[in-house]
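So this first bit is one chain, no partners, the form predicted alone, shown in structure tokens.
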Amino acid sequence: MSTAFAESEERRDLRKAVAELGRKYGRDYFNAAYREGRKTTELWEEAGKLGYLGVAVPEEYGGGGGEIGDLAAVCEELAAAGCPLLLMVVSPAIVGTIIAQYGTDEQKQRWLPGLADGTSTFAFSITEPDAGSNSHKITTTAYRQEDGGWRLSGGKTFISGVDEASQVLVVARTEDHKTGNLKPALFLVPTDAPGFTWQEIPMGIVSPEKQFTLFFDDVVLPSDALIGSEDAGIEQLFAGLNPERIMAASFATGTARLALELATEYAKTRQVWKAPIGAHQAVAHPLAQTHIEIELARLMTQKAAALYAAGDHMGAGEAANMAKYAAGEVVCAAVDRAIQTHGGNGLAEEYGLVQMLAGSRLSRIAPVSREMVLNFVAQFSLGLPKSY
């Protein structure tokens, strides 16, 4: 846990080690994987072998026994090195957290060791075409079968990394046969299950990870596909969504750090008149502002992680939303200012900035939009009437 506005020595050492791994691969490796249609498998596997993917998984299941703040540090440092791993936000952070907290002993033994060492990868699906940000309107439904199993029908969209995953954690609803009401529950669905298909969504984002629309056509599942209790879906769901927002913030601040690093180095060395362009306040001040905004976002992310580790879930939810908002804003600004610092070179592929544009913009939309964060803060932090 972070104390006195400083991270522990262990976490600082973790950051240094992960940064070294990130530099071993770097931007060129990441961009080449995208251009060639490859995955960043080598980096994922090495991060798993070194224990970085499982740093927050309980030790008894092969992990490091750390906190979400440790995993977020790994995510941030890899992004800052130019080789972000989007599925870190999903597999160990969301799915790993939910299984570790709510899975049965058998489910933990079965799934967590592979998740910790990177040999198993999990996707997560909640978004539906007709529900958008309103997760209460999801219609994907699991029906209890006579043999105790389940039958799953419905669809999801904008789901990351399904082509790399062995399982997808699906947020569905169960049918309450006593009242006819629907209530949320979480199911692990094998990606090779009969009746489960998906279609890639063409995206303009420079990333080896792809986005998909999913279709569940009467997918038959065993009884133990249900993770946790079918009566505690909302509580279990948000146990994974707060870590998701902490990780998304770290992903964004890492990218912002990289953009600032590239802009600062260029401003120090690019000379048009008598001095490097960084000597001009019109260039220097936006970069200084970016540095301040990055550090503010990082501090809020550390606060959110510390509150989550301490078990203050409402406080963590507020801080995680704020951290994700701040990080999404600064990564957009950082990339934009870095491109402006480079002038025309900022749009040349060789400088590595134009490739960040769409990805940085995504940080203001996903995994929760800036507008929904502002709604949350207005309602829960300020006590204003609910607006939607």
Partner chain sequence: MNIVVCVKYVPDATADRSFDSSDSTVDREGVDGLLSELDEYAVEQALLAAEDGDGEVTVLTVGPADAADAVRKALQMGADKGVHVEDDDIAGSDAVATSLILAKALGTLEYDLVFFGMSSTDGTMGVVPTMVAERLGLPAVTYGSEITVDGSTVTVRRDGDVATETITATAPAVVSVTDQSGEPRYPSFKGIMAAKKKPVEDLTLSDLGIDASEVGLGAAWTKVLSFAPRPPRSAGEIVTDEGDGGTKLAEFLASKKFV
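Residue numbers count along the first chain shown, from 1. Note that the structure is a prediction, hence the values are computed from the model and not measured.
The next section is about a form of this same protein that is not shown, the form predicted in complex with the partner chain.
Proximity to the partner chain in the predicted complex, defined as a heavy atom within 4.5 Å, holds among 362, 43, 326, 55 only for 55.
Although the partner is absent here, residue 63 lies within 4.5 Å of the partner chain in the predicted complex, judged by heavy atoms. Not displayed here, the partner chain is approached by residue 21 to within 4.5 Å at the level of heavy atoms in the predicted complex. Residue contact with the partner chain in the predicted complex: residue 17 places a heavy atom within 4.5 Å of it. Looking at residue 357, you'd find every heavy atom of it more than 4.5 angstroms from the partner chain in the predicted complex. Contact with the partner chain in the predicted complex, judged as any non-hydrogen atom within 4.5 angstroms, is confined among 316 to 324, 32 to 40, 329 to 337, 46 to 54 to 46 to 54.
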